[in-house]
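As C-alpha cells, one chain now follows by itself in the form predicted alone.
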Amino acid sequence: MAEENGSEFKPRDYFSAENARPSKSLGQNFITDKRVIERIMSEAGITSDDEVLEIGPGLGALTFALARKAARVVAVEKDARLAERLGGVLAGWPNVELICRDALDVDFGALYKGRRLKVTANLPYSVSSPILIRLLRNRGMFSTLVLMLQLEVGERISSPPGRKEYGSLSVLVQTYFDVKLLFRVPPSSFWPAPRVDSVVLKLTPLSEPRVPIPDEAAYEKILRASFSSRRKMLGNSLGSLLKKGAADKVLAAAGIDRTRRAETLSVKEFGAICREAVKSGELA
C-alpha cells in the first residue's frame, strides 16, 4: 500500500476519512513537497549509523524517509490521533520508536543511548521557542539539528546585532550553536497551507560556548531582562534584575555604555555582562 512506505499517503485523505480537521492550536501543517523532505535529509546528512530524534512527525512524511536510512528514529508526536495512525503504519519498522507525548514533557536525556542524536523537526510557531530552549539545554546529546520554523522565528534566530529581528533568542542560540539558514519553504509545500513562509535552519552545537558563560541560568535571565523593553537603555533594562544601583557598575566593568540598547550588543558583550554580574554577586 502507498501509505505503508510513507511516500504517497496524503494528509488530506486521512482527515477526510476521519471526518476531522488539522488542529490549529497544534499548528498542524503537513509537509507534502517531496523535494523539501529530500533536502532536509541531505542537509542532515542521515546515514545508517545515525540515531535521529524527530519532533512532530505528524503522519510520517519525513519519518519514513528517516527510517529507511537511519539506525534508529525516535519520533515524538503530541496528537494522539496522529500517533495512533502513525504507529499502525510504522509497525513494520523496528528501528522506529514512537512516543505519544508533548515534546515539552519528554525527558530527552532518557533517549540518549551513548551516541549523539541528530534532530529533525517541523516546529509550530506557538511552541518553537520553548522547544528550542529545551533542545539548547540538552545540546550535549545532539550532533546536528535541522529545524523547520516559521520564517519570522528563523530570521530571529539567525539575525546579527542591529536588526529589528535580533533579540534574546538570537543571542542565546548563537552563544551555543553555529547557525546556518538553509532555505525557505513556501506555503504551497504544506497542507493545509500556512499563511506565512517557513525556513529550514541547521544548528550545530559548539564544543564550548562562543564566549565563557559562568552561569547559564543567570545568562538567560540577563538576556530576557535586556530585551524586555527594546526602547530602554541597557542600564534601565537591567535595573530590575540587578541589585539597586548595580546595573551601571556591572556595565562599566564590562566596558559597555549604559545608554546602549540591547539590540546593539554582540554575543561577546552579553557574555562580559554575565561574567561581571556573577563575579560581583550583584544579581538580585
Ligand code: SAM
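Don't overthink the numbering: it's just position in the shown sequence, from 1. Worth saying up front: this structure is predicted, and the values here are computed from it rather than measured.
Heads up, the form predicted in complex with ligand SAM isn't pictured, but that's what we're talking about next.
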Region of this chain that lies against ligand SAM in the predicted bound form, out of 172 to 180, 153 to 161, 201 to 209, 69 to 77 [heavy atom, 4.5 Å]: 69 to 77
Among the candidates Met141, Leu136, Ala103, Ile213, the residue which, in the predicted bound form, approaches ligand SAM to within 4.5 Å (heavy atoms): Ala103
Heavy atom within 4.5 Å of ligand SAM in the predicted bound form - the one residue of Ala61, Ile222, Val52, Ala247 that qualifies: Ala61
4.5 angstroms heavy atom contact with ligand SAM in the predicted bound form for Phe30: yes
Contact test in the predicted bound form: Leu123 vs ligand SAM, heavy atoms, 4.5 Å: yes
In the predicted bound form, Leu111 touching ligand SAM (heavy atom, 4.5 Å): no
Leu82 within 4.5 Å of ligand SAM in the predicted bound form, heavy atoms: yes
